[in-house]
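Presented below, as structure tokens, is a lone chain in the form predicted alone.
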């Protein structure tokens, strides 16, 4: 049992103003493994005040980008050096298979921090432009105090998607982790203590949705970065819009993986299903619709079924486990409800569909493959967020593109084909923010975000840094040169 009695504000662990606690429950054993303070609005007020002081009067925004990048590098080194410990923490609190926690939860987080540290060397925080009426110095300055509100599915990774660019930009941050996964956030606070991050630059309060709403609407917050459901994102957008706060919203997905008729199934099946079942299916970028040529439908379903049935379900801390439990009992109920609806609407269960007999406890759902799915059915339209993948048939590549675009979401996607040029052509026509040909990938140097109801704005790449910067134009007399500033 791990017990935490403090919040992290102003570079110190201080008592919460409230008496409530949050119980962290193991999705595998259904037992309480930790207790942490349930943050209050007053806690948020303290955290925002500390972040405001650190931004308005502290040294952080005045450091050079290279100096701020040094902190990111040291944080990445610390996380990488303790990767297994971080991975065990995340697997224990939310059920991610240990192997995925190592690479997808922890090492990927360090990679993002290192990317932004490296970007400091090439990004133009100032540039001199030759204008129509004279030269202009264009500066990119930190937006101010940023709120980072992150989900439970990839808690550390979604945190550094915001923290990395925000810190490099010179912003200070108030982080609100999900109540399901607070333990890695406490490790992050301790790591920031170790690297000597200046006081107030990062503040952390674990709390529920109502307190999160208070953070979003707080007048001391200049920018909100949120990852989570589309429904919650709409509420945040409305609240932020009322105060004209800047927002980045990375929301839900219902991504399609298109197998063109010439696709190599030996390549396509493990890549597409590996994405669909990634993190127990609890991933916004999961390829949960697989679109298959009708001419190869039976053959492909057989290959997909064989791969799905071979997945190892079990204790998330066991290195052999490929599918662990869902984060909470309510999440299992949700997924089982979608499986039942899929069957009522004509879908057939090829593999799975129930609870694994091997697990007497824990919030498990078998990896499930639903075939003969109608493109307009519930299972093809709504985000399940569990280990459930649907298979849909198409007659022509043009129809496959229409089916892929038949969605309120547009976050990710993939296409598999022997002709890469044909794959690029498909990628250009699918309305989604990230896409991969002959694989599933998320490139950290490229922008990540969604079309339609999958979000607003972008994370990762230089675009992710720009989201935490404000542009300022300073018009100058003709012939002015600014030493050390490149002319573009």
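Computed from a predicted structure; not experimentally measured. Numbering follows the first chain given and starts at 1.
One more form of this protein exists, namely the form predicted in complex with a small molecule; it is left out here, but the text below deals with it.
A.B. asks: I need to confirm a contact call. Of 323, 150, 90, 389, which residue comes within 4.5 Å of the small molecule in the predicted complex, counting heavy atoms only?
C.D. replies: None of the other options qualify; the answer is 150.
A.B. asks: By the heavy atom within 4.5 Å rule, which residue out of 315, 383, 336, 366 makes contact with the small molecule in the predicted complex?
C.D. replies: Flagged contact: 383.
A.B. asks: Check residue 378 for me: does it contact the small molecule in the predicted complex (non-hydrogen atoms, 4.5 angstroms)?
C.D. replies: Judged by the heavy-atom cut-off of 4.5 Å, residue 378 is well away from the small molecule in the predicted complex.
A.B. asks: With a 4.5 Å heavy atom cut-off, would you call residue 354 a contact of the small molecule in the predicted complex?
C.D. replies: Although the small molecule is absent here, residue 354 would stay clear of it in the predicted complex, with no heavy atoms inside 4.5 Å.
A.B. asks: Looking in the predicted complex, any heavy atom of residue 226 within 4.5 Å of the small molecule?
C.D. replies: Yes, contact at 4.5 Å.
A.B. asks: Quick one: is residue 138 in contact with the small molecule in the predicted complex, heavy atoms, 4.5 Å cut-off?
C.D. replies: No, no contact at 4.5 Å.
A.B. asks: Please state whether every one of the three residues 61, 78 and 170 places a non-hydrogen atom within 4.5 angstroms of the small molecule in the predicted complex.
C.D. replies: No, none of the three is in contact.
A.B. asks: Please determine, with the chain shown alone, which of 366-374, 183-191, 392-400, 213-221 has non-hydrogen atoms within 4.5 Å of the small molecule in the predicted complex.
C.D. replies: Looking at the partner contacts, the answer comes out as 213-221.
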